[in-house]
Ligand code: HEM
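Only one chain is given next, in structure tokens, and it is the form predicted alone.
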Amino acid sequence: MVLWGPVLGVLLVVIAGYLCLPGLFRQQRPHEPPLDKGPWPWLGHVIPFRKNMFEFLKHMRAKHGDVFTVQLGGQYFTFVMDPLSFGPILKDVERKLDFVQYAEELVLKVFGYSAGQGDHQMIRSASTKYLMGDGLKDLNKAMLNCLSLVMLGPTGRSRGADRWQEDSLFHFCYRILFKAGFLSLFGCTEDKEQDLLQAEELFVQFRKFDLLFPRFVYSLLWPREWLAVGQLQQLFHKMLSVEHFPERDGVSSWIHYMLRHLREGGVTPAMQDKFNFMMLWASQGNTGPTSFWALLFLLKHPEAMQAVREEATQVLREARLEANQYFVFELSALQCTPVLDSVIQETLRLGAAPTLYRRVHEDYTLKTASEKEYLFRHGDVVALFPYLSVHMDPEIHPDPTAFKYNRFLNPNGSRKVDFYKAGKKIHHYTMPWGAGVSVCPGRFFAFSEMKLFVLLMVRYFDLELVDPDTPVPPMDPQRWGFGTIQPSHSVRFRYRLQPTE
């Protein structure tokens, strides 16, 4: 008779030893950054890191300085917190630091997409061709039409649209940007009512996935949540299946180009469906939350709202929205909004907190701006967290926690690009889109989406907070490191289309 108890006990000891021994024996080598393995074998600092990444890194920086290595779940991460030393990491002329492998492992886990060789370059090429220049103009036009469809309905402005309505500001912004973004990228059918219903259902399911996303990435879900994530993934693969594309008109050239590349490369339709899910999340996961913060800041700062409204009136002229009409204006106006540009940039500075990762392929020496040299070990991960080291640096951005709508404007109204630290001009004075090889390829379209939405809201709508004294909600600490931070709770607001008379 087999004694399963002792056998399982020995097995657990072996597994624990396999996981923990590398951490127990690792020591700081000469020229390596300060090493902080944390209180728990293998786990290291993962609990306080996940509880509040921002506060954890602030504590580690005060304890160890601008460069330090910490253990997180059996993996060693070296954080570089001095923005003047970012250059060599972002450029990486020696090619010892790799972003692509790390990204491919993440998208396989989260979206089920197995990236092929050259996919990263293909996405960048497609984005350069269709999300910039003339391609961006075409997509902006589609986005304006889809915003009209989502905000006004299939028949345009209806009678009674100037009645006050109340909603959650976060849900309102996220829902509208997601639905319009989805329809502009993945096209519509002849049945606009059905398109809106499908987009609404997709958003509902997307929010379920989005709420689980941070803990999913770190494998911290409960068993029922793992099951729910699997079901949601299958649902998205089905709803975004390439089998449905012949039924849809206006699928963006960006999506078409990438799917054609995958199809010609022999990628199966099932894997193309997973690719579509990945592109939907990448394109729509941050624009809604960012727009929420932008409108909330404007509502809380009347002088900023007045400045944006005056600019909107100037560039859109006396555009009026009559019955049964859609929003119509010259999209060239998007190039003439320096005040709104500054508002969006300031919103991103305050709300966007991505983490930039590079895996160390072979031992790498970083020479910092202070002339110190640090050796990064093969197999570790180098990480940058610009929100703390750049966005909240009072030397770069005085009074960094305050919203200043004109922070990115010069006194003459032109765009401000000169920011300094330690007397040196700093190139990366904000990094909401990442940088280097990991810079967001869709950043120009995302910026235009948010500008279009805010322009429409301030030009055509009356809006106000239900409680003008409601404070700006704190940020959800679970979202640090994942793009735009979402609020811990939303706020209520009222809105209506401005009367025609």
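If you're wondering where the values come from, they're calculated on a predicted model, not measured in any experiment. The first residue of the shown sequence is 1; numbering continues from there.
The discussion below concerns the form predicted together with this ligand, not included here.
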message = I'd like to know if residue 377 sits close to this ligand in the predicted bound form, meaning any non-hydrogen atom pair within 4.5 angstroms.
response = no
query = Counting only non-hydrogen atoms and a 4.5 angstroms cut-off, does residue 309 reach this ligand in the predicted bound form?
reply = no
ask   = Within a 4.5 Å heavy atom cut-off, is residue 287 in contact with this ligand in the predicted bound form?
value = yes
message = If we define contact as a non-hydrogen atom of the residue within 4.5 angstroms of the partner, is residue 239 a contact of this ligand in the predicted bound form?
response = no
message = For a quick test of understanding: in the predicted bound form, does each of 47, 72 and 215 have a heavy atom within 4.5 Å of this ligand?
response = no
note = The stretch from 468-476, 438-446, 52-60, 28-36 that lies within 4.5 Å of this ligand in the predicted bound form, judged by heavy atoms, is 438-446
message = Going by heavy atom distances of 4.5 angstroms or less, which of 329, 257, 245, 99 would be at the interface with this ligand in the predicted bound form?
response = 99
remark   = With the partner omitted here, the residue among 428, 208, 120, 421 that in the predicted bound form has a heavy atom within 4.5 Å of this ligand is 120
inquiry  = With this ligand taken in the predicted bound form, which residues across 152-186 come within 4.5 angstroms through any non-hydrogen atom?
reply    = 185
